[in-house]
Each structure stands twice: as C-alpha cells, then as structure tokens.
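The chain below stands alone and is given as structure tokens, in the form predicted alone.
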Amino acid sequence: MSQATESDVREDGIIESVSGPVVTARDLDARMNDVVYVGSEGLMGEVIEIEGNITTIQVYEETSGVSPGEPVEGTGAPLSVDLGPGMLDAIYDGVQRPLDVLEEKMGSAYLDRGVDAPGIDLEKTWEFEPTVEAGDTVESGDIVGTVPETPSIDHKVMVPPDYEGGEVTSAESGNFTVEETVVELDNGEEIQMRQEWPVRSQRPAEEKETPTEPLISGQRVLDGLFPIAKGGTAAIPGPFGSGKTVTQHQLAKWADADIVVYVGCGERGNEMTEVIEDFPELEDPITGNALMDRTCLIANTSNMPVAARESCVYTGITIAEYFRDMGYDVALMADSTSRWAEAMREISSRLEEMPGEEGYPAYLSARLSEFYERAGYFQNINDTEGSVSVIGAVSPPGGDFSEPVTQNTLRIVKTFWALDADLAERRHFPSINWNESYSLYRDQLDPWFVENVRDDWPETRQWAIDTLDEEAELQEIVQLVGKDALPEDQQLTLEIARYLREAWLQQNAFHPTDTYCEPEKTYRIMDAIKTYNDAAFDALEAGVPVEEITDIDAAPRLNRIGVQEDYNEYIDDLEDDITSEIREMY
C-alpha cells in the first residue's frame, strides 16, 4: 500500500457513526475512493460514498472500539499500490501490506490494528542496468532499464504511464533504492524504480488483441478439452470439497505463465498456508528455479476484515497489469470470487442499499465485469506484448450453479470448468464435469495445437468428445436395462469411454510425474486410446465377441501411461501390443 507522508495527511473530519466495517464521517474534505485514516488508531479506510457533508468509508480493519467523535484524516490520494522490484516472492494482505514485515514490526504473528508498511522495501538497493543512454527519446511506458529481481525474472523499469516522456539527459548503471532517480529527462521528469498506481483504474494499453496461444496448464482435461488462452478468462465453480483450491494450486504451479499472482480472497487460512509452504520447495518446470521466484501471493483469509476482501482482487489485478506492461504473460488466480461478492453484499447491506437477487447488490454484475475485463492479450504502449489471464474460483452454496455469482460470472468468462461433487465422491480428480464444462477459445487455439503438437489434434479431440457424449446417453439406458442388454458396439463404446475417463481425464496432482502433463503427452494418451478403439471396432466388425476384445491383457496398461516418465517408448510398445493382440483374434 502506498504510504501517505506527513504533509499529505490533514485532519479533516469527525466520525459520526460506526456500523461494522462502514464508518460515516462529517465535514471530511475528500473525494471518492480516497484513502483515509479512521479513529485515533489510524485505521486505513476508503471513501465509498459522499452525500452532502457526510462521507461514508469502508474500513479495512476491525472497527471494534472506534467511536463517534474520533478524528478522520484524509490523504487526498486514492487507494494505490507500490509497484517496483521486490513484489515477487512476497506475501501481502488485501491492501498490499507485506505480512512478513508486519510480523517483524509486531514481533508476533498477531497484528495490531493500524500497523502499516510500504508495499516494497524502500531501503533495499537493486542493481540497475539502463537500456537507454543520454540523447535517447523515451515516451510514456517505455522501458529504460532492467533489474535482476529474481533468478527467473528481470524486472523492467518503465517510464510511468502518467509521464510525458522526453530526451534522456542522464542514465547510469549502479545500485539504487527504489526511490532514487535512475533516469533523468530534459523536461525535468525523474524516473525511479518505484511507481504508484490506483487499484481501481486499469493501466493503459495500446490495443486489446484476440488471443491465439493457449495457457498450458499441464492438466489433461483442461488442455485437451477446455483450453484457456493467454489473456483469457475462466471460472471454476463447484461445491465444497470438489477440488477448486487444488485445481487453482495446480494452475499456479504448472501454468506456462511468466508471472503468477495468487489471490486468496476470504478462503481458509490453512489453504494459503499450503501455498506458502509448498511453493518455495517446488521447481518451476520452465526455468528450473524456485516457483516463488515468479509468484506474488496476496493472502486475505476468512478471518481478516471483510472490507479488505473487496480490495484484494483489485490489488492483484493491478500488480498483474504492471508485469504485463513489461511484456510478460501473467496468470492471476482468484480464490474465491464468491467471498469477494459476499464482502460487497455485507458493505451494501450496511449502506442500506436496495438489495438484488439473494441480497447481493444490484451492481454485482458490473463489478464482476470490471474485474474480468481487465484480463486480455494486449499490445502495450511501449510496443511490447503481454497478457493477463484471470481464473476465478466460485463457491456456490450447496453447489447451486443458478445462484447470482455463478450466473453473472458465466455471462462474462469464456471458459467454464464445472466441478462435480459426484465425481469428487468417486475420487475422480480433477473433478471437472466434461458434460457441463465448455471453452469458447477452442476454435481460435486449434491452429496453435496443430502447429505445435499434432496435425490431427482437433479431429482426435472431437472423437474423444463424441465418445464421452455417447457414453452419457448410454448410461441412462444402462441404469434402466443393464449393460448386457445393449448391442455389442455400444458395450464397446462404454469400455472405450471408461479408458478415456480413467486413463486420460483423471490425473493425480500428488504424483511426481502425473501432476504435470505436457500437450504432447496429453495427445499421445488420447491417441493410444483411439488406437485401441479403432482396432477393437475392426475386430467387432470381423465377428469377434466384445468380451474377448475388452479382455485383452494390454488394455489395462492404458491406465498407467500418466505415471510414465518415458511415455513415448511406453506408448509405442503398448500400441503395438494392443494391435497385435486384437489382430490375432481374427
């Protein structure tokens, strides 16, 4: 969180009433979205409504004990984040206060109200290497130098978007703090490594483009059936215990994004603890360095003040946009947007606004749209290209997808990964229901898979989809008359679909090999099952009984492809064995 200096702060108003996280003050000279400090303890808050001389504030900390008559100090600045080197491998709360620094200040894991700290270390020095020299002309957003922030990521220092730009008069390499000037321009503008940006304002870009490259997740059901593009949006709704958080963790670990921003919005503390404990020990499959070297965590757990949930997703998306401006592909995981919506509902009810469906505010859809619309694949103002992919978990009560948050989210996002409690109970993970899920990016991403994986990727995937669809229809008949009453070709279809479910769609997130599946392996498993399908139907047409076809020794080995490190040789041998065993029957 950007810190207000003593000269910025002025004592303006007096508290008139306190209702949970909502405080009203009179005679406060402030604008909408300004940051204010409330009460004698200086609790951070944000102006959300102004009516006459009465200002309404949402406070980002517990307000117990705050009483009418206490002062309110305005800063004259909106809620902003500090942007600069030091954000990666950091853990923040919902308003970008670094939790490790706060713990150090307090000497305890339990934080007092009113404690504050800058979002990035203002005293640490960084090695700056300029990419411009005296006489060069730079414009708003241009990259003027680099800082090796982590072994994985070079932090690119940019001209702030609100600067005019001009001719460089001075640019020297060396070690500097984030507040020291590293580049000077002829118009008097001085560029530091640190910027500020208001969280509710989208950072400017030249153009939003149509994404054509997939965000490879390493999860077969996602990459194979329901891919998301770099710069795309996805929702993961599902009931409790269906695997939302583990799916988000898998995406954060293995997605081929350059930067991952993980926002824990109102979720249980032990889930964020798992992220904090696991990520430093994991290796980035792309660079081989520690996974935390490319990760920024925002932890706003369920026991933290409800109003801070409302701001944490904006904090996350602003940090993501900053790295996008450097030309990086960023993936933002929000777990979960339902808790964010519940925070809006509580604030709305305290404001006595007219409620919408199920008590949510009438502007719920607009707020969700504002958030997801900040995702995209962009041509930046500095001529680089970058993307922000947003993946939001949704926690509908009782797994009811007709509730407002899920329905409003589905109107916005283009990829829908529906988690299924029945699949989770059967221990089928990821428990993504292939009959209810969809991706609207599939057609625009097919050329990438054709060029980079296999020419027949779309056709093979469509065969798998058709087989699974047919199985869903046949299962309704099986429940009425039993499997043995079906024709032999339909019995064989059920067997092939079973292998698609168990060998291809099912994946073990805790197996060292099966946890990540590259697109080539995803294709080869699918193609191996298709090889079995083609050989089996040829044998059936030649008069071989279906029981003999499904009873071959090689077929069960399909279920073990996922755990094979040297999968190519394994699949080659398996396909030969399947074909030879079946051909021996006729």
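For clarity, every value in this text was computed on a predicted model and none was experimentally measured. One-based numbering along the sequence shown. Heads up, when I say rigid core I mean the largest set of C-alphas that superpose within 1.5 Å between the two forms.
Not pictured, yet referred to below: the form predicted in complex with adenosine-5'-diphosphate.
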Heavy atom within 4.5 Å of adenosine-5'-diphosphate in the predicted complex, from candidates Thr318, Thr233, Ser152, Thr245, belongs to Thr245
As a check of understanding, the residue in Ala509, Ile276, Leu351, Val453 with any heavy atom within 4.5 Å of adenosine-5'-diphosphate in the predicted complex should be identified as Ala509
Contact at Gly241, Arg427 and Pro430 by adenosine-5'-diphosphate in the predicted complex, all three, heavy atom at most 4.5 Å:
yes
Exactly one stretch in 86-94, 501-509, 487-495, 167-175 has heavy atoms within 4.5 Å of adenosine-5'-diphosphate in the predicted complex; which is it?
501-509
Align both forms on the core first, then report whether Asp446 has a C-alpha shift of 2 Å or more between the shown form and the other one.
no
Using the core for the fit, does the CA position of Asp278 change by 2 Å or more between the shown form and the other one?
yes
